[in-house]
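The chain below stands alone and is given in structure tokens; this is the form predicted on its own.
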Amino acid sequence: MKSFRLLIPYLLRRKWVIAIGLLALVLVDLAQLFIPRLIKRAVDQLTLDQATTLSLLWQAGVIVLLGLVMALLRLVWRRMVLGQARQVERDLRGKVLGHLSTLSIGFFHKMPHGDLMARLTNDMDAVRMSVGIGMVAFVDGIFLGLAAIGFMLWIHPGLTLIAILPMPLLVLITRRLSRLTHRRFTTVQAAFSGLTEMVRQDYAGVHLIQAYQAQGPVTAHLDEAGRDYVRNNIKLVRASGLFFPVMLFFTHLSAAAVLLFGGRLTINLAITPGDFVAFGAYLALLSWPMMALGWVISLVQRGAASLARLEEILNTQPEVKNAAQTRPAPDGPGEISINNLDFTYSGSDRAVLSGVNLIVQPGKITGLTGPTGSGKSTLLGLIGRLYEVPAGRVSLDGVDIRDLDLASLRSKLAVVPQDSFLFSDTVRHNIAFGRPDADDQAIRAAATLAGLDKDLKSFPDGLDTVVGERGLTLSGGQRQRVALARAWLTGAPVLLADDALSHVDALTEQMILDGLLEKDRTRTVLLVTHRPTVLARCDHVAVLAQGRIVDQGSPPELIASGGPYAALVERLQLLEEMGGPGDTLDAR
């Protein structure tokens, strides 16, 4: 229940709107409570033969008028309370999404994407229900229940005591059921998260499923997960579904007692027939609060379980964050200095990088190559502080990157990741993602530098062509060039490209390199690649092996020395000649 503290700021922000809505709800209840009094008067007049057509017409008219007022007030409280619950849901989702954007990349490696989606959808719905209809049912149940009991006491205290006698037992049963509901709902949400992640993976890998003719096993696996989700839901329904039958049983038990004892009181003239009818009406009104009690507890338990899952995200602290005192990144040429760098991933005992020393000179292209798993992508991630880097090991223009404001540091870096991720949007939006205010001329210039200008002419709507999910409607080379254009357009002084030319043909590769070497010599470029043709055009090359730099220098010098670089280039050239192009090698 402590998790509901998360909602206090959002509720206080809208306290007056919610208060007006709850006031309208209470006025509806007052109108409902007044109707049995009118019915009592009419029944007593009929019993005593005092009723007239005019008096009955007046009482019926008042009931109709009260019904109209209740309908209007219901519109008010639904809009005020339930509408504000939607606003709270929106704000809470924004807070969670905002916090997620600050978390380190390691969090997303550990947390399944399907689980995150479940928390941001299914759990948010549960929170909204507990805040919206849960609040309504709670206030309505408490006020209407206490007021109904008050009117019943006014009619006959003894009969009221008989009517509410089962309630203590009801409270005990409800408490036990609420605990069981909470546990089972938490299990259901976990099962839903797993099912969502499974569907996401199967959808993303549908081409692979079809290629391997694995539809049968995949469908069977998904079916079993779905059955498990249904089984857990049925267990939840068995627990939460007991609330209403239990409430109805005790309501009918009270009704039977009122019929027996209240009927005798009426026969003995202790109460009038009108009082007996009104008492029955108030007891019927009391049945809703009794049922609402179970519903509210169920909603609150579900909301608490979901809030706990959301709070788990909000309580996660980023591994990489600004120091107490930071400074903006310097407006230098973009020199990167790496000094005796060691790095081990959290939870691992194997060093990924050991004693790495490298100077990435401004205005130069530095190539980074080496076998799979040698730490190349990790090194690029450390420069951008995607992972926490040891103090004093990496600097930008002479300043330790740990002393720089994260946003300022990353604004100096243009990144082309190994997986050229594109949004399901237009080519224009994808290129201008890092610089949304860029005009058409700047976007086209970046596309030209990335060798994408000819492709744009073949696209049905040019820059406004919408690419598919993750850009899969484009070829691998086209996706890489869009990603390169996106990086160029930012104007950042440092370009970090992780195997960014692996899917482009030789002619396009040379056009892009010409752009880097001749048209855009102002940038510092660190380029991970396995292509000998690309390495040959770099100003400086470093070879990584088992987390260490084993060779570095200019390509001609390294070839002449006959060291690890020369051996690697010879092997890559041999692979290309044998039809196993080096551009397919994993750059991690």
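The shown structure was predicted, so the numbers you read here are calculated from the model rather than taken from an experiment. Numbers for residues come from their place in the sequence shown, where the first is 1.
Note that the form predicted together with a small molecule isn't included here; everything after this is about it.
**Q** Applying a 4.5 Å heavy atom distance criterion, does Gln441 contact the small molecule in the predicted complex?
**A** Close contact is absent here: in the predicted complex, Gln441 is far from the small molecule, nothing within 4.5 Å, heavy atoms only.
**Q** Flag Phe108 as yes or no: does it have a non-hydrogen atom within 4.5 angstroms of any non-hydrogen atom of the small molecule in the predicted complex?
**A** So Phe108 does not count as contacting the small molecule.
**Q** How about Pro371 - does it come within 4.5 Å of the small molecule in the predicted complex, if we only consider non-hydrogen atoms?
**A** Yes, Pro371 lies within 4.5 Å of the small molecule in the predicted complex.
**Q** Given that the small molecule is not shown alongside this chain, does Phe244 nevertheless sit within 4.5 Å of it in the predicted complex, heavy atom to heavy atom?
**A** Heavy-atom contact with the small molecule at 4.5 Å: absent for Phe244.
**Q** Answer with one of Val352, Leu422, Ala281, Val504: the residue that has a non-hydrogen atom within 4.5 Å of the small molecule in the predicted complex.
**A** Answer to the contact question: Val352.
**Q** Just one of Gly262, Gly367, Gly375, Gly303 has a heavy atom within 4.5 angstroms of the small molecule in the predicted complex, so which one?
**A** Looking at Gly262, Gly367, Gly375, Gly303 one by one, just Gly375 meets the 4.5 Å heavy-atom criterion.
**Q** Please identify, from 343-351, 69-77, 395-403, 447-455, the stretch that has a heavy atom within 4.5 Å of the small molecule in the predicted complex.
**A** Only one stretch qualifies here: 343-351.
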